[in-house]
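Shown next as structure tokens: one chain only, the form predicted alone.
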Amino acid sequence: MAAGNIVQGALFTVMVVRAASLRDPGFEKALAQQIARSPRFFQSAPVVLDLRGVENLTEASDFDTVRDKLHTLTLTLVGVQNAQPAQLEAAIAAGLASFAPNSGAQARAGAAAVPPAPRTRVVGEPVRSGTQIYARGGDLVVTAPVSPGAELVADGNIHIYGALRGRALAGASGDAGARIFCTRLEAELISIAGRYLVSEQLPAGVQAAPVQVALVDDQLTITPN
């Protein structure tokens, strides 16, 4: 059997938890409260631990401790990002994967890093439940409704000219300047660069309204259009 028939590419929604937040005594309580509001969404949800700005966590046992803490919250630690060499070695020893290498990593010697031209993906059909659409390296434009259980993902902006009743994740590769635009907000989840809000957290004043979503001071801000 050909390898292409065994291994296929796919995209999954993964939560990112900042390791620095684990030092805050109130973080675990706040996260538990958020999970309690949407338990089905968070049940066994995969988590990537962001190690930016953290100097400890250099032993495999450190990651075992974090894994156990997240497990009590029904979350599953699957990997790390922005790890220093010693942290990455310990994470791998603990059975974790490495995600999203540092943006400051240098290109290989002798290779010229030329970013691909941004592309916009346009979808004109309704996005049904269970469908995931990903615009890699650019914006996503949907000119039809998005059903509950459907998921839109884009490395750039997401524009929805219809009702958004599923999930929309813009800036999926880390672009904090990405935005979400929709003509009717009824989303299960909205996210920009890993920061997200679930339906229960959406302000009443923007429900079923045309809105623009942006990341301001590391917080999702929803503005009526």
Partner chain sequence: MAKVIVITSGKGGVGKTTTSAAFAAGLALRGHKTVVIDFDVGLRNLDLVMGCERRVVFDFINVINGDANLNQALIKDKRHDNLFIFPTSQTRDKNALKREGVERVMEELKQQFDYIICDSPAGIEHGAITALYFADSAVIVTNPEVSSVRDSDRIIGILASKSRRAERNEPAVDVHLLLTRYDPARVAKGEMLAVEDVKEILSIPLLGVIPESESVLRASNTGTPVVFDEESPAGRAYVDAVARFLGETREMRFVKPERRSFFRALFGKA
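Note that the structure is a prediction, hence the values are computed from the model and not measured. Residue numbers count along the first chain shown, from 1.
This protein has a second form, the form predicted in complex with its partner chain, left out of what is shown; the following refers to that one.
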Of the listed stretches (91 to 99, 151 to 159, 78 to 86, 126 to 134), which one has a non-hydrogen atom within 4.5 Å of its partner chain in the model of the complex?
-> 126 to 134
With the partner left out of view, is residue 188 within 4.5 angstroms of its partner chain in the model of the complex by any non-hydrogen atom?
-> yes
Contact label in the model of the complex: residue 165 to its partner chain, heavy atom within 4.5 Å = yes
Does residue 138 make contact with its partner chain in the model of the complex, using a 4.5 Å heavy atom cut-off?
-> no
Neighbours of its partner chain in the model of the complex among 56 to 77 [non-hydrogen atom within 4.5 angstroms] | none
